[in-house]
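Given next, in structure tokens, is a single chain: the form predicted on its own.
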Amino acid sequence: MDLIGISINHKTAPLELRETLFLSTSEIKDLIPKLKKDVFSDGFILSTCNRTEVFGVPLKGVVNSIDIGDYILDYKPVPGIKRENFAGYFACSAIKHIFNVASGVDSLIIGDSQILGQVKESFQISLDWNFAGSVTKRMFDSALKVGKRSINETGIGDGAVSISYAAVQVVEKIFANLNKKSALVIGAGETGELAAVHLKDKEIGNIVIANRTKEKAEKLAEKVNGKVIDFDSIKDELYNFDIVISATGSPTAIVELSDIKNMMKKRKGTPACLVDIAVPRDIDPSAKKIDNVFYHDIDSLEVIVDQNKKFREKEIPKVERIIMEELVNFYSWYNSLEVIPTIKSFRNFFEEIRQDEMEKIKHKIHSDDIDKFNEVTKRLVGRLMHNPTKRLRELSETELSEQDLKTHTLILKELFKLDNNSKA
């Protein structure tokens, strides 16, 4: 297989280099026609915050991973990137790498929940821009299957591995029916936004955003179908919320112990969950001493995240077995591309001989016996062909190397002069 590719990722280059080589969707669409003209007959481009990868079937056999890396840097020059920042892949290693990426085992965060969608999007662009041939289309299908099987058959994506998501998972364990609960998210920065989005994904009943800059709060509220309250009214409004997640950059506490006592007094003992994911902390940690208050901060959440990361790492061997199974399936299909035309030629060769012989004898036998002779000769040819064609198919479905399989088909072609369509 001539599939070849390069990758610059979290294993080969620091973030400052990866992010400068990031290719936007518009850049990918601009680059594809150039690659089709100069480098690849078909392929795909994947670019995320942690990796930029270009794979394809070369137009010329002399193309190698170094050439591809140089070509990409000519298109988008990035000072500081060296050849050693690119990892090169060829043939089976290329397919295996793509499967590793789709499954999430090659991600910076093992089991990254976003990567499969990003892979699917890059494949779709390739299809839309006629950059996908029969081999890459099959590879796309197999990679997506690997990703889906990894999610469904293993725990590679289970458990929160980000503080924001861990905060929401803690809340989910405390309250069984989030769709009947209301939540206040204090802070509309990146961390607060992620927490709000996760709450929305969990179908929380009501989300309210509070932020010093009201415009930013309104923008986030629109994104999560929530509402906004003034930042100055937080303390007075606390009792209305079952869940409070705070993630501001305030140098001092926003919610003090007295505020929480007043909150619980107005709630008349109804449980509340307070999650502080700010550094320094926004909520007085003494809140944990108050009855019916479930309090968590960065320290307790990081313990959960670390446990989940270790669990995901233990799931890697299961994913690797899935990858190996799909690699075998892919190569069985790929090898059949070499075998099927040969088998077809082999069948046609014997069928022509059979028909020639039937033509010779049809005037020498009674017309009532022609159908019988026809059936007998078909069965005879079928039996003669059965073992060689069956064996050739079996060889294509084993781990026989591509070159060895070609050797077997060439021997068959040479013995029967199949390429010349000559009959015995």
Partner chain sequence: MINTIHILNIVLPILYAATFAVYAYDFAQHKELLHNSKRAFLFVTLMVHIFYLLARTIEFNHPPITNKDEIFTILAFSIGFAYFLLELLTGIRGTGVFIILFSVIFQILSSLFIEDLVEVKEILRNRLLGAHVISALLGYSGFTISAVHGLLFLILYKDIKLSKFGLIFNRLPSLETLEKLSFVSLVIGFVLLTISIIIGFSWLPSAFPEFSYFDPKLISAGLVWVIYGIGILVKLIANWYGKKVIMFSLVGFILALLSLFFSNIFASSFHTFY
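Positions refer to the first chain, counted from 1. Source: prediction; values computed, not measured.
Missing here is the form predicted together with the partner chain; even so, the following discussion is about that form.
Across the options 80-88, 200-208, 296-304, 116-124, residues that bring heavy atoms within 4.5 Å of the partner chain in the predicted bound form belong to 296-304.
Only one of 190, 74, 291, 222 lies close to the partner chain in the predicted bound form, with a heavy atom inside 4.5 Å, and it is 291. Note on the partner interface in the predicted bound form: the residue among 155, 341, 133, 271 having a heavy atom within 4.5 angstroms of the partner chain is 271. Mapping the unseen interface onto this chain, residue 181 counts among the residues with a heavy atom inside 4.5 Å of the partner chain in the predicted bound form. Taking the partner from the other structure, the partner chain in the predicted bound form has no heavy atom within 4.5 Å of any heavy atom of residue 349.
Taking the partner from elsewhere, residue 176 is found to have a heavy atom lying within 4.5 Å of the partner chain in the predicted bound form. When contacts are judged by a 4.5 Å heavy atom cut-off, residue 263 does not count as touching the partner chain in the predicted bound form.
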